[in-house]
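Given as structure tokens, the chain that follows is alone and in the form predicted on its own.
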């Protein structure tokens, strides 16, 4: 399995998500379609997971080095959050936001093809490489879902404060995401010590990772001080922009050109 197969896999995954969503809406009139619709949506995510596993084997290294590879993981993981939320809290609308975000990142990967490169620089040949990146990716996925839930609440829930479940959902997702951001920072520091001899060097990527962590720490502070639900939802909705800067935007800063976290050109 190589990148030559990715366009087909990505297209099939998006078709599954779209077809499953259509079937789910149709199930309002035809209840028998409810389970098949769910299975079709899950099949799209399973297909991406299978591609990642097969691509890992082909690369002979974890596909976690390039931005394209991390976007692929992101696209596979965020629908899982939507499915788990529906299973745990019986909230069905979030999975549509999650699948839309996943499709968005797949389209980015399709429009900017990655390079099949097995090379893994010495700094990445560390026991901390996989835990650090995976923990951060799952944290980003949870915080993206939290932001999507917050935007949903802003546009549909703020006029009526009767349904607190949706507000609690965005809070719990943000809390879980913050915990994983914390572990990501710790794993990153341990990795940096092993690779470069220092726990922290205020590299641009490290600085923005810390800013992201502080942004969500600020949310928890506001939440603990009983800030109004409306303000908290706006805070969560906009905080994800800080993560996007940390993930993508920091790569375009002049100060990041000589970053120790620059492993490849894209």
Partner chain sequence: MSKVSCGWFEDVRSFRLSSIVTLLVVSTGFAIQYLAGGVGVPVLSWPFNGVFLAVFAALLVLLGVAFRNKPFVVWLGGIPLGLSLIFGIAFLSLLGGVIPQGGMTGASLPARLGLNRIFSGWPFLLTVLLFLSNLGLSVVWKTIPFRPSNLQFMLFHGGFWIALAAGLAGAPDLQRLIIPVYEGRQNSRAYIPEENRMVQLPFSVYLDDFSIEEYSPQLVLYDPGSDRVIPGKSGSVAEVGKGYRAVWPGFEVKVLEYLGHALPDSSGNPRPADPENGIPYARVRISAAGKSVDRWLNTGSPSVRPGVVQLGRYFLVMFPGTPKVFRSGVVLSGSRGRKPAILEVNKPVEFDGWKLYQMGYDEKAGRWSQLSLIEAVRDPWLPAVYCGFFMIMAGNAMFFWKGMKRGGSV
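No experiment lies behind these values; they were computed from the predicted model shown. Numbering follows the first chain given and starts at 1.
Missing here is the form predicted in complex with its partner chain; even so, the following discussion is about that form.
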Exercise for review: Spell out, yes or no, whether the shortest heavy atom distance between residue 169 and its partner chain in the predicted complex is within 4.5 Å.
Suggested key: yes
**Study point:** Proximity of residue 253 to its partner chain in the predicted complex, heavy atoms at 4.5 Å
**Key:** yes
Check your understanding: Do residue 96 and its partner chain come within 4.5 Å of each other in the predicted complex, heavy atoms counted?
Key -> no
**Study point:** Contact label in the predicted complex: residue 207 to its partner chain, heavy atom within 4.5 Å
**Key:** yes
Check your understanding: For the chain shown here without its partner, which stretch in 27-35, 43-51, 66-74, 199-207 has non-hydrogen atoms within 4.5 angstroms of its partner chain in the predicted complex?
Key -> 199-207
Check your understanding: So which of 108, 84, 124, 154 gets a non-hydrogen atom within 4.5 Å of its partner chain in the predicted complex?
Key -> 124
Review point. Taking its partner chain in the predicted complex, which residues of 187-203 have any heavy atom within 4.5 Å of it?
Key: 187, 189, 190, 191, 193, 194, 195, 196, 197, 198, 199, 201, 202
